[in-house]
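So this first bit is one chain, no partners, the form predicted alone, shown in structure tokens.
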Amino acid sequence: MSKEEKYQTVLPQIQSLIAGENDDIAKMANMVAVLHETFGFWWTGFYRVLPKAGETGEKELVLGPFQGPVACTHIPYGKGVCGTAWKQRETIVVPDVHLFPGHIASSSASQSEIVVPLFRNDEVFAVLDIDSAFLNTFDAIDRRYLEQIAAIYNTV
């Protein structure tokens, strides 16, 4: 089955799994499980935008539901691929993470990455982060379908 056919299969599955669910953690957990199981990615997970500890008013990305090896727990705004996708409010595809300035390496096995922001009330509230153990894993097909998955998050 081609990559595109796999995405076409998981789209309705994800819609069905998260339809009517109001809890973000439950929705994220099932989405991650479907994507990770279907594609066999190295790491698949969410980081949620949450207030930093203390009363600074600042926010950061905090590790959410994921599958794969242990990961960074906190990511500052604008740092690494995830923080940059949050700041730029757009999907970032990285063919080789070693060439991305400021890449935050949770694992030396990660070679390529895609990060897709999720929006609520026109604000990024989370990012979907997927890592591969191979270079050049992610392309326009991944971007298109993962952005569709991110868009359905708040519509079902």
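Position 1 is the first residue in the sequence shown; the rest follow in order. Everything numeric here is computed off the predicted structure, so don't read it as measured data.
This next part talks about the form predicted in complex with a small molecule, which is not shown.
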| property | result |
| --- | --- |
| is_contact(residue 109, the small molecule) in the predicted complex, heavy atom dist at most 4.5 Å | no |
| Contact test in the predicted complex: residue 125 vs the small molecule, heavy atoms, 4.5 Å | no |
| The small molecule contact at residue 104 in the predicted complex, heavy atom, 4.5 Å | yes |
| Residue 41: touches the small molecule in the predicted complex, heavy atom cutoff 4.5 angstroms | no |
| Partner-facing stretch of 96 to 104, 117 to 125, 22 to 30, 48 to 56, counted where any non-hydrogen atom is within 4.5 angstroms of the small molecule in the predicted complex | 96 to 104 |
